[in-house]
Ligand code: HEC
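Given as structure tokens, the chain that follows is alone and in the form predicted on its own.
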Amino acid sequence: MKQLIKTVLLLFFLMEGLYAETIKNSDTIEKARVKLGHRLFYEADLSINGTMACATCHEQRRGFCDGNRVHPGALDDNGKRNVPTLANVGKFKNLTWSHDHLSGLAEQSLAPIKGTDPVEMGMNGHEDEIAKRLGQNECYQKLFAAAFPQEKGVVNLGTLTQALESFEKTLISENSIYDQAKKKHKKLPTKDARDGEKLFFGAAKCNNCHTAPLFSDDAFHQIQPKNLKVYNGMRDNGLFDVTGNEKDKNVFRTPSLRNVALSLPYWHDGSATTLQDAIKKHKLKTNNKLSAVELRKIIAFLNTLSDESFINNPQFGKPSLECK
């Protein structure tokens, strides 16, 4: 019996050691994927003519959007929608303005890389060119080998999009003035911001859709037809274009308000050029009753959602030319 107990204990400690080693190896691989995804995020060779990277539209200093109403593709095709911000994107289930069944960020990244409506990076039908370009690069050979040891460092859309997903999941913004006040159980620094906070979570009912802490309910809502405009000759039917269901016409996902003061213009079509315009376009009964002073106070609160550490974090910025 004693020998049996010793044997069982020995097996237990061996299994525990193997588990710990597995976790350690898993963490090492995930860090390698984040490093690779970071470099790929800024890689223009993911576009047909080497002119466009993910970071072309998702600029860190703007909260990872680009400040344009819409952005043209690598071949100058007209853009269709305003570039969404990426703060805390790894915590969202619904990852675009109007798609409700993407499996994750890896699949979502194929839309700009391979998408045809509109054409963005223009690589549809040229997927092998991506593997050829990156596979000839010694730095990428090294990074893919470290990030995908079980796949023997193979360079393809599968491994590439997994790495992009790993990096994008690190884009966490939770250190705004608002966050700091909450963590320290303190009030916001100005009376306007404090009054705006009360309005946001109270009478104005902004939080019904822009729910904290993401400041989005990660859900889809129908936009009133009078708020929809044809831009660049394109009519955008929202979720209907994916589902074909009539009830999904003009339905779009609630955007996050994290870093919203940096991410103008607003709405899915970029048709609101200021925060005041964006609030007024909602046409909610509560907002129709908001005075100019109340609007100013809500905007003062929204300004506290800007996260300086997020937009200046070197871990998210353009990587050095040196392969590390």
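Residue numbers here begin at 1 and follow the sequence given. All values derive from a computational prediction rather than experimental measurement.
Same protein, other form: the form predicted together with heme C (HEC), not shown, and the subject of what follows.
- Contact with heme C (HEC) in the model of the complex holds for none of 123, 273 and 305, as no heavy atom of theirs lies within 4.5 Å.
- When heme C (HEC) is considered in the model of the complex, residue 32 lies well away from it, no heavy atom lying within 4.5 Å.
- At least one heavy atom of residue 224 is located within 4.5 Å of heme C (HEC) in the model of the complex.
- Put simply, residue 214 is far from heme C (HEC) in the model of the complex: not one heavy atom of it is within 4.5 Å.
- For residue 67, no non-hydrogen atom is located within 4.5 Å of heme C (HEC) in the model of the complex, even though that partner is not displayed.
- Stretch-level contact analysis of 129-137, 148-156, 200-208, 177-185 against heme C (HEC) in the model of the complex, using heavy atoms and a 4.5 Å limit, identifies 200-208.
- Residues 252, 253, 254, 255, 257, 260 are the members of 245-262 with a non-hydrogen atom no more than 4.5 angstroms from heme C (HEC) in the model of the complex.
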